[in-house]
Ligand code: F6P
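The data below hold one chain only, encoded as structure tokens and taken in the form predicted alone.
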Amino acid sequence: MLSDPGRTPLHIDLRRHLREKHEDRDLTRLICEIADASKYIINAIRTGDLGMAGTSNLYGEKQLALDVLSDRILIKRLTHSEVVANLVSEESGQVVEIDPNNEEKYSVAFDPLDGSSLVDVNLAVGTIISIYKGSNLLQPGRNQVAAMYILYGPRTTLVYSTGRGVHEFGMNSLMEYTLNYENIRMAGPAKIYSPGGLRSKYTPGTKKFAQYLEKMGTKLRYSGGFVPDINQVLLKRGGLFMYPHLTDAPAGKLRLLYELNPMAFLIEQAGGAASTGRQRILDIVPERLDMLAPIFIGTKEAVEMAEKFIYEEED
């Protein structure tokens, strides 16, 4: 099997790839169920209602019809997969108990349609998945057994890791996921950076870090969507995304369980790093399902530089 940096010409589908990696049968089934669910989500994005659902999520945010539909699709597939103990969606923030006392099954936290507000202007959005063994969802991210995201853009792609490298699959004309890149690696200084949050509300360390990146010629690339921005950082093999602590939002904006932990797991598996600016993301013990945290995520070199500026200017 050919590895990155070249694109593999081999037609290896997702299930075969998982089997060749000798993954647990139930974990293989779970990942493939999520992949199958994404086919219905992409169809909903292409043909569905772009209006409001008339409801709000746990955080008081108005829900789009696509948010609600994507959430229902994933919950239905996961509930009937026969390999899930518990699941929780960012849209509801409530644990759905399926087989809650079964520690041999898996628990899943997910954001069904991250960046859904971008759909009506035809920008890329995605699904983010975090998987743990057993029934406990409030574990540090380093305990994840798998993480993945699916990007709905000009092409639909799936990126996953089970702790054995990071691999990208593309959806073909038959709506099958086949291997594009295997063992994606990133290193070196950031070539691009995606800064979230208002710059006027950056703290002194973050401001100096942003100035440092610009002085080094790092190119600004920001879509407003977490999945496409992380995908760009990963596939460019060197970049940084940040949504830092702000003067009026010291915990940032993004949610640890549904967004930060799975992305941190993937980026670390590709040789990168993810930090709050003071602490490794994957070492945080979640206090609650809706916990927020700041994030600097990308190449190790860039993340370490962010930590340096924050330590020198703020600690």
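Just so we're clear, the structure is a prediction, and the values are computed from it rather than from any experiment. Just count from 1 along the sequence shown to find any residue number.
Not on display, but discussed next: the form predicted together with the ligand.
Position in contact with the ligand when the complex is considered in the model of the complex, options 160, 226, 152, 177, heavy atoms within 4.5 Å: Flagged contact: 226.
In the model of the complex, the residue from 44, 65, 254, 282 that sits within 4.5 Å of the ligand by heavy atoms: In short, 254.
Options 193-201, 140-148, 210-218, 164-172; stretch whose heavy atom lies within 4.5 Å of the ligand in the model of the complex: Flagged stretch: 193-201.
The ligand contact at residue 243 in the model of the complex, heavy atom, 4.5 Å: Although the ligand is absent here, residue 243 would touch it in the model of the complex, with heavy atoms inside 4.5 Å.
4.5 Å heavy atom contact, residue 238 and the ligand in the model of the complex: No, residue 238 stays farther than 4.5 Å from the ligand in the model of the complex.
4.5 Å heavy atom contact, residue 205 to the ligand in the model of the complex: Contact with the ligand, no.
Exercise: residue 115 in contact with the ligand in the model of the complex, heavy atom 4.5 Å: Yes, residue 115 is a contact residue.
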